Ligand code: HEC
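A lone chain, given as structure tokens: the form predicted on its own.
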């Protein structure tokens, strides 16, 4: 029997509901900011954590837990991460990595996005690939494509200001090459995904 659009939508909804039903109990600690599906609850500086490879989520959680990444805007993230066990971190990483990243459909400036794509290709593409790239799990950096623009502005500025520690020296070198307006161009490019 061929699948109709309605049948397909129901199948997707049921598989999503099934994945959410299998969420580890520790996900409850993340829901108030990231939502149970990892897409965020509308807080501008909260990133989408859905569809990020498990190793990257683990790295971020350990960075918060160990203090390598500071919680300047929202201290609850560091407070929560400090309480996580190694098993909690592995469970959270595995759970959120298995969920598909939502499409944001946010407005963006096309000319800035074009400039941002050039900047991405020059400085970022080696480590940051889209979340649907077949090599995303092996990439050195998080997938930035389709991330909340406000979060990207916040995070990139934190790297530039030095309030977020560069985990790799190459990241610092690349950030030092950015000029005025480059962050906004990159943000628009990633928003266009």
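Residue numbers count along the first chain shown, from 1. All figures in this text were calculated on a predicted structure; none of them were measured in a lab.
One more form of this protein should be noted, the form predicted in complex with the named molecule, which is absent from this view; the next part is about it.
Contact with the named molecule in the predicted bound form, defined as a heavy atom within 4.5 Å, holds for exactly one of 112, 104, 84, 90, namely 84. Contact annotation: residue 166 falls within 4.5 Å of the named molecule in the predicted bound form, judged by heavy atom distances.
Taking non-hydrogen atoms only, residue 149 never approaches the named molecule to within 4.5 angstroms in the predicted bound form. Although the partner is absent from this view, residue 74 contacts the named molecule in the predicted bound form, with a non-hydrogen atom inside 4.5 angstroms. By the criterion of a heavy atom within 4.5 Å, residue 141 is counted among the residues contacting the named molecule in the predicted bound form. Taken together, the three residues 154, 170 and 186 all come within 4.5 Å of the named molecule in the predicted bound form, as judged by their closest heavy atom. If you take 32-51 and check each residue for a heavy atom within 4.5 Å of the named molecule in the predicted bound form, you get 32, 33, 34, 45, 46, 47, 49, in sequence order.
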